[in-house]
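Take a look at this one chain, the form predicted on its own, written out in structure tokens.
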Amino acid sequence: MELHDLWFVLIAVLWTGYFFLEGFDFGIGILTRALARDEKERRVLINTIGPVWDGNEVWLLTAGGATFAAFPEWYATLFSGFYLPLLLILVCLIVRGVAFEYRAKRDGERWKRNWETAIFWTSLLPAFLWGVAFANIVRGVPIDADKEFTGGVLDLLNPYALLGGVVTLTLFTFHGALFAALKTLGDIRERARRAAGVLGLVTAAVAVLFLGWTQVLTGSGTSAVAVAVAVAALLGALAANRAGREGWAFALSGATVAAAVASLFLALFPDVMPSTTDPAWSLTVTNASSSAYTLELMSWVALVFTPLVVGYQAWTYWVFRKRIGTQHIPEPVRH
């Protein structure tokens, strides 16, 4: 395997890890509106991701940094062409982080309600926009002979991309509902399981349509296998949730996310950004990559530091593995 092929695979793994972890993270933020019935239950949901949400975002930084270093032409074309949606995602992630930290700084009901509203919207919008962005990467965008994006924002709002946004939104919310069922106690746990049952069916319907459309557009035999795995894992997650096996249900929903992302990267390869203007102008793993020396140096760095980062994050999840409920939320101190 050539080094540029290896780094394409590694970048796909990084994006898969990000969507697996940040996916349920976004889902919890969205469900603070639909699942929680009062301020204490909203706090329970937020506390399920409180120790890990910022660590989950490290995968995004690593994926972006790896893309910049390994495929600078891809990075330049992607971030210039998708400037507005990616800027909106970045602003949402910044506001979302501030909302998590500032929400508990004051006891006022209006103060908390405003930050909770911010958490909801800054979870929902990125969950939708990431799907739009990746659907456009797979479908292709207008790129000229100089490897520059020649379209506009409206080119990104095509039916296929919008459907991709709906898929990531519903899938992440489903993933979040199963995480909530796994991490909570009492009534909120039961409501999370019921919500996951409904969300899973909706996700299955739109995901089958989107992944089937992807296969027609640019699919391959290997991407078809990944699609089949994604569908099987989603059905398995629904069955496990119905049986009350929250751990298996969450693991299988994570497998659904991983297989769906893998199917997109497999359908994309060897391109990294197809050109709808002229296929000859598409960015590929060959013409968009860095030098062999750069890729070799990056490979040694990744070999040393990746196990350390993954090990530390796994330890964090193990430390904060226990369920929480409203009984663990102290009553506010009245002065």
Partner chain sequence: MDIALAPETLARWQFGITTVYHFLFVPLTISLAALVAGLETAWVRTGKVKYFHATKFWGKLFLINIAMGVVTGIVQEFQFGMNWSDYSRFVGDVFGAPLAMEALIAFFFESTFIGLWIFGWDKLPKKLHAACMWMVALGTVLSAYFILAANSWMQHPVGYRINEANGRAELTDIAAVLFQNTTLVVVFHTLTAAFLTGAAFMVGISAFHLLRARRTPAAERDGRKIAAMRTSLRLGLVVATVFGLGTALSGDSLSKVMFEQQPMKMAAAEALWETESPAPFSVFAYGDVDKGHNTVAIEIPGLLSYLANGDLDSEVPGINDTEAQLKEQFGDTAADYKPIIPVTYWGFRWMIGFGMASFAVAVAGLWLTRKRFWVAPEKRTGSEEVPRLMLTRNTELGEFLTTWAWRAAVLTLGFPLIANSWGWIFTEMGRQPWSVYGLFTTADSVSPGVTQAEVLTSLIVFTLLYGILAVVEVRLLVKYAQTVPVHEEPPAVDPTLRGPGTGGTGAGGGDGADTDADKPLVFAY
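Quick caveat, the model's predicted, so the values are computed rather than measured. Residue numbers count along the first chain shown, from 1.
There is another form of this protein, the form predicted in complex with its partner chain, and it is not shown here; the text below is about that form.
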query: Output flag, Asp5, Trp213 and Val229 jointly within 4.5 Å of its partner chain in the model of the complex, heavy atom basis; finding: no
query: The single option of Ser290, Ser275, Thr284, Thr32 touching its partner chain in the model of the complex, heavy atom within 4.5 Å; finding: Ser290
query: Candidate from Phe265, Tyr75, Phe128, Phe120 lying within 4.5 Å of its partner chain in the model of the complex - any heavy atom; finding: Tyr75
query: Partner-proximal stretch of 171 to 179, 231 to 239, 191 to 199, 106 to 114 relative to its partner chain in the model of the complex, 4.5 angstroms, heavy atom; finding: 106 to 114
query: Distance check, Leu87 to its partner chain in the model of the complex, heavy atom within 4.5 Å; finding: yes
query: Any non-hydrogen atom of Leu61 within 4.5 angstroms of its partner chain in the model of the complex; finding: yes
query: Heavy atom of Met298 within 4.5 Å of its partner chain in the model of the complex; finding: yes
query: Contact test in the model of the complex: Ala243 vs its partner chain, heavy atoms, 4.5 Å; finding: no
query: Residues in 27 to 54 with any heavy atom within 4.5 Å of its partner chain in the model of the complex; finding: Arg43, Ile46, Asn47, Gly50, Pro51, Trp53, Asp54
